[in-house]
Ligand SMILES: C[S@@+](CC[C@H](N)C(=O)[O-])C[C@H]1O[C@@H](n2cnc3c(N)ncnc32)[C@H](O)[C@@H]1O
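Next up is one chain by itself, shown in structure tokens, the form predicted alone.
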């Protein structure tokens, strides 16, 4: 998909890498419920994490399986994750997720705070790629926002964009889409997943689904 804002979104996360962990520090406790639901899915031999960032969720995934493949578009994010978690049991891959194609199937595919960065025009293509990465009887899990926070509303721009600032004063336009959960579940049902969704804060949800057949 060719979209200059998607390129700007990557540049934003590359530039934000060093301040990312500090910027989400206030949300760490909020995400504990999501981590608990993720752990409750059980253990998996092969796990794929998309948009792994600095490894915040990767650390939880390493407690759930033998091998984790962690993918992100920003090499700066991957370097921090590597320094944080090491390489035992984790393979790091750099890839633009709008150009990424799965090379194999996994027992669990997971991504957090990424789906809302996928524009509506790219949603079906992205989800179909995800489906191809989940083996039959394997699982998909997603953590993301179903509604904007007050902070999101302040920086919102047009229908599904946002203007995000950095500490140095630079601003970047990124995608920030809040998908209707019934719509999302329907699309995943059509791709062969049996899904369930839980809202665990006023803005976040946890979705898990099994690929049937």
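Positions refer to the first chain, counted from 1. Predicted, not measured: the structure shown is a model, and the values here were computed from it.
Just so it is clear, the following notes concern the form predicted together with the named molecule, a form of the same protein that is not shown.
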property	result
Of 38, 51, 184, 162, the one that lies within 4.5 Å of the named molecule in the model of the complex (heavy atoms)	51
The single option of 90, 134, 112, 81 touching the named molecule in the model of the complex, heavy atom within 4.5 Å	112
Candidate stretches 165-173, 184-192, 56-64, 39-47 - the one whose heavy atoms come within 4.5 Å of the named molecule in the model of the complex	56-64
Close approach of residue 20 to the named molecule in the model of the complex, 4.5 Å, heavy atom	yes
4.5 Å heavy atom contact, residue 85 and the named molecule in the model of the complex	no
Any non-hydrogen atom of residue 96 within 4.5 angstroms of the named molecule in the model of the complex	yes
is_contact(residue 13, the named molecule) in the model of the complex, heavy atom dist at most 4.5 Å	yes
Sequence-ordered residues of 58-83 touching the named molecule in the model of the complex, heavy atom within 4.5 Å	72, 73, 74, 77
